[in-house]
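One chain follows as structure tokens, the form predicted alone.
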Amino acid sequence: MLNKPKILLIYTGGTIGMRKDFDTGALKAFNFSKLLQRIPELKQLDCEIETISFEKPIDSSNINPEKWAKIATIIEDNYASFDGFVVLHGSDTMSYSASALSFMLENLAKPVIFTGSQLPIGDLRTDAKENLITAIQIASLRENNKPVISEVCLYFEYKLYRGNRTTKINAEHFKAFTSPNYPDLVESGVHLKLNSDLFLPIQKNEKLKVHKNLNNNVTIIKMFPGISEVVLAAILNIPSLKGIVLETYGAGNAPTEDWFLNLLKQAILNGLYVINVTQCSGGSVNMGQYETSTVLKEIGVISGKDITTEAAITKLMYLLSQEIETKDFKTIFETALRGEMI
């Protein structure tokens, strides 16, 4: 008889772990060690569940690379003892965290699934129970005594997505996330529909490597009509800045004015990495398709292809911490490392 899969539930904070104080009406975190008391349905799952919580649960607006490292450390410390991990996290920055962890956990061979909710777990109409129960069920899927999924994912409102392909699109609807350029991996209905051909291949005989140090000397610049030379120059000349994600128009287009191109060219010559991503909700950068992006390609701007902004900025933080030679950086960034781009 096979042992039941063991799932570690990691609570970082967020709406899913809140309950309403009936005296004040305010939301506050509940004791996650009593989770089974609050959601008795979890006992019906064919797996063993243990819980661990941040000592001080945080609002996801306060997430940062140090707290990503904390999540990664919990997974590293418990990796040999569990078959899968479910990370409970506030939805506002969940796509950033799922993207970051995908790069931090190299050679991952077990599922790490982020989930959360739009309403607290104790609310009458909560989406928390379905999200949590199905995320755990998916994390415990096994075939030939091996995990079916071996990547960082995000589960929300009946869909499992590759984590570094997601973005939050709605602050009010239960369908809060989308994966604009990659299909969902699993759809939850009466049965779980697995799109197995879309999963990342399972890592075999490779030891998990956890990268805890990210370089956050980076920024995001969103292009807009009327962006000024003074503002752009001030940003590009920040002394410690190592890289920027430039959100351009359409398929990677930007102004062709001399001042704009000269500023970017000089910044790149000074060692700054500039990543071109589209500010459209879906689609891909294709530098050279239009004249307005041809010059960007010529001066050394790196193509983000169809990557999300969330994945682009966290991949940039990760690669900057790897001490990659300048001549190789462009090629490595433009290569899919964890299924984050085409």
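The numbering used is simple: start at 1 and walk along the sequence shown. Please read all numbers here as calculations on a predicted model, not as lab measurements.
Note that the form predicted in complex with aspartic acid (ASP) isn't included here; everything after this is about it.
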Of 252 to 260, 112 to 120, 190 to 198, 132 to 140, the segment with heavy atoms within 4.5 Å of aspartic acid (ASP) in the predicted bound form is residues 112 to 120
_Would you classify Thr309 as touching aspartic acid (ASP) in the predicted bound form, given a 4.5 Å non-hydrogen atom cut-off?_
no
Q.
I'd like to check something about Gly90: if you look in the predicted bound form, is any of its heavy atoms closer than or equal to 4.5 Å to a heavy atom of aspartic acid (ASP)?
A. yes
Wondering, does Glu291 line up within 4.5 Å of aspartic acid (ASP) in the predicted bound form on heavy atoms? no
| message | Considering non-hydrogen atoms and a 4.5 Å limit, does aspartic acid (ASP) approach Asn64 in the predicted bound form? | response | no
Among Glu298, Glu48, Glu41, Asp59, just one has a heavy atom within 4.5 Å of aspartic acid (ASP) in the predicted bound form, namely Asp59
